[in-house]
Structure formats: structure tokens, C-alpha cells
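For reference, the chain that follows is the form predicted alone, supplied as C-alpha cells.
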């Protein structure tokens, strides 16, 4: 005999399963809709992204726009004053054929040497200023930052008058010792000296910020455990201060690579940096395509140096290290 008590259960089971499946589909639809809304919100960025739109447009118009214009001009024929025309590579060929690569070599070599000297000079000074406290540190900061309020050309002209023949140094040496120093300008070392002098604050202040990450307790603990000064410097100070070192090094290298006033006022034409060739191409030569080609190559060299450093260094790990 068939048990009739099971019929309601057997008959109601499909209805219950259908109702359950309907609820599951509704819940899945709501989750899918919520996920889509969340992704749209992320894509739109909310109020933060819309607030950044004006600044983004300003960067596009003020930075990428002129940069794109320079790139277009670099492929135009010689003497062209329009960025629209049939592209050519003659400007880049001229850089090799007319020995403009020598200017690139001088600029790159002086920038590297100046950056190394700046790091060697600024690091001990930064350590001293970090360990000082109170008014003494404030006085040193003001003395170092004060020259930045005077135009670079005026400062370099002052050094030129100091080192030149019959200048202050030559006259003082002649008066005190009976033999003058003669002219110390018009050579490569004095140009590098100018680069180091001008860009010292740009290396010093990032180093100070980097060294503030080094806690005095870490030094004391390492010293108590028997570490030497060199070991403390290598294993504690250098890793913790690496963000400031990286920023100062890249900043000074890029600035020194594009420097021109030091070679004009102190070098007296003994070396011609690439920026001077760019300036001559745009002004006296009225050859905008050549100046644009030189500018593009200079930007690529600076960008390549930055990319090489950034690929070898974990920036996120450096800036979150304590």
C-alpha cells in the first residue's frame, strides 16, 4: 500500500525548491548589481577624481602639451616654423654628424661628478644638522637657504669676480704673499664647483628629511650590541635614509644635467653644455627643429636615468620603512 502521508511533502518539495531558487537568483542579482555599482564608483573615482580633473587638465595643457609640440618640431625639416609637415630624421642625423654628442658628453659627465661631490659633501653636513637642536640648527638652515633668495646669475657672477684675474682672490694673494693666483675661471673644475655651490641645498634638505627616519635609539642599541660606526652607518643609517638620498641624487642630477649658467659665467666657453646648444638653436640659429631634437634627447637621457634607478629600488618599501 502507498503511504498517503508522503504526498504533501512530495508535492510541496518542487514548490519549495522553486521558491528557494528564486530567492537565490534575486540575491545573486542584488550582489551582481552591487558589484557593478562598486566598480563604477571606483572607475569614476567619486568626488576625489572629479576634484582632480582641473589639475589634470592644467598638467595636460601646461606640461604634456608643450612636450608634445617639441617632439613634433623635432621631426620637421630644418628652418621650419610649423609643427605640421612631412616628418624627417635629418635633425637627429645632424646631432651625430655635427658632433653635438660632445655637448651631451660634457653635460652628462659634469652632472655625474657634481652629484657625487654633492652627496659626499652634503651627507656629513646633514648628519650634523639633524643631531643639532634649537637655535644652532635654525641658524645653519637660514645660512644655507639664504642664497636661494638671490638670482643664480648674480651669485655666479660674484664667484667669477672672486676667482678671475685681478679679482678679490688674486689681488689678496698678491698683496699678502707677493704672488697672485691668476685667473682660476675658464676650466672644467670651476664649472663643477659652480654646480656644487648652486645645487647644494637641493641635495642637503632631502638628506635631512631622510636622516630624520633614523631613530637615535636604533644607533644606541646597535652600539650597545658592539656594532662599529661603519656598521651602524651601513646597516642602520644608510637603509633608513635611502629615500632622502635617492630624491636628492635624482633631483641634483637632473638639475645639473640641464644647467647652463655655470658654464657661461665660470667656464667662459671652455665647455659648451647641451643646454647652451639648445638655446643657440632656438634663438641665434632660428632652427627650432634642431633645438627640439636636442631637447628630446636630453629629456630621454634624464628619463632613462630616473627609470633605471626606480627599477632597481622598491620605492614603496623605502618610504614605509621605519
Partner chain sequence: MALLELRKVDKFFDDFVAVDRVSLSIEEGEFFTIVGPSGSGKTTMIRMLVGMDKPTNGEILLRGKVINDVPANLRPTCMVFQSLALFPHMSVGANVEYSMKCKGVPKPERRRRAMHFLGIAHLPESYYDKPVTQCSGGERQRVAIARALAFDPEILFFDEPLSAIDYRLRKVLERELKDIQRATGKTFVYITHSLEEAMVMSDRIAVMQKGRIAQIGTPHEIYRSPTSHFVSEFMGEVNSFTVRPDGDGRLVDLKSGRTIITVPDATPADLKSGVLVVRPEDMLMGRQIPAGAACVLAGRIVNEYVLGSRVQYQVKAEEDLYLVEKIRAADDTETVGSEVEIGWKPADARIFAEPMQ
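Computed from a prediction, not measured in an experiment: that's the story for all the values here. Residue numbers count along the first chain shown, from 1.
Unshown form predicted together with its partner chain; subsequent notes refer to it.
Relative to its partner chain in the model of the complex, residues 226, 231 and 240 are all within 4.5 Å by at least one heavy atom. Taking non-hydrogen atoms only, residue 90 never approaches its partner chain to within 4.5 angstroms in the model of the complex.
The shortest heavy atom separation between residue 95 and its partner chain in the model of the complex exceeds 4.5 Å. At a distance threshold of 4.5 angstroms between non-hydrogen atoms, residue 138 is out of contact with its partner chain in the model of the complex. Using a 4.5 angstroms threshold between heavy atoms, residue 169 stays clear of its partner chain in the model of the complex.
With the partner omitted here, the stretch from 232-240, 174-182, 190-198, 159-167 that lies within 4.5 Å of its partner chain by heavy atoms in the model of the complex is 232-240.
Proximity to its partner chain in the model of the complex, defined as a heavy atom within 4.5 Å, singles out one entry of 221, 112, 125, 132, which is 221.
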